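Only one chain is shown below, in structure tokens, and it's the form predicted alone.
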Amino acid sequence: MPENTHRVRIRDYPADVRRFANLERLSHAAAAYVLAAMETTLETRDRFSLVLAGGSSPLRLYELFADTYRARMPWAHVHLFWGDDRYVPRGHPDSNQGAAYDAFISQAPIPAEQVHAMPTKIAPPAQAAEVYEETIRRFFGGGPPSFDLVLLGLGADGHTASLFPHLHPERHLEEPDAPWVQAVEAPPGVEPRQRLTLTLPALNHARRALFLVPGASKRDAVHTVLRTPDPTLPAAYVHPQDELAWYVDDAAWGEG
């Protein structure tokens, strides 16, 4: 089945939704999207800031960065950040940083100083959040965190990054001095509970955001965010400066 493209509005914000038959096709299309964004940005600037998503959804895309698309990636100009991470060491199986290293960073010719991982060894977590926010602030010269592209996933409960519904992350959108990075706890039953995450103000200062959403377990959340008039799940509040895209597979979209 060929992909289908939809133009929707999410809380009155325009978004392009593309449907793909499966994760493989979705991941190749996402790689093309990332490369196009890099090419456009590097026409006028000498660096590209990419925020990585955690979880399992982007792992196939990351593998493509390491093999199929490796030679086309402008590694010398790419700076990597993370949208969230579990508060565990990089070698822990739940580490988003560790998963990305295993999938592509360890194989990519990217300078080590251009990999800006969340500091999950600093205690307490609130201090780690402050340290990462300062890293971002220095990178952008004290200005807002205008990342060139943020990759995001979607949880079955509608969370994105580690912004869970019970945290009411949208409240930060009304706060002029809201943090860009926050230490949070996932709801009971979601492990590891302690996490670091970018906040909605940080995500919404980005130029582009691309959601990668495969799998039937995400169907209810996809329906709520993309196919209801006034969604209140955290993912519905991601409104970047220039462009919002959702790539979903048929299993996540469902019927109709």
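Heads up: residue numbers just count along the shown sequence, starting at 1. Keep in mind it's a predicted model, so treat the numbers as computed, not measured.
What follows is about the form predicted in complex with 6-phosphogluconic acid, which we do not show.
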Note to self: What I'd like checked is whether 90, 119 and 194 together line 6-phosphogluconic acid in the predicted complex, meaning each has a non-hydrogen atom within 4.5 Å of it.
What the structure shows: no
Check: So which of 40, 68, 228, 56 gets a non-hydrogen atom within 4.5 Å of 6-phosphogluconic acid in the predicted complex?
Finding: 56
Next item on the list: Heavy atom within 4.5 Å of 6-phosphogluconic acid in the predicted complex: which of 169, 145, 98, 155 fits that? Just give me the one.
Entry: 155
Check: Which of these stretches, 135-143, 101-109, 72-80, 158-166, has heavy atoms within 4.5 Å of 6-phosphogluconic acid in the predicted complex?
Finding: 158-166
Notebook entry, point to check: Taking 6-phosphogluconic acid in the predicted complex, which residues along 71-104 bring a heavy atom to within 4.5 Å of it?
Noted result: 84, 86, 96
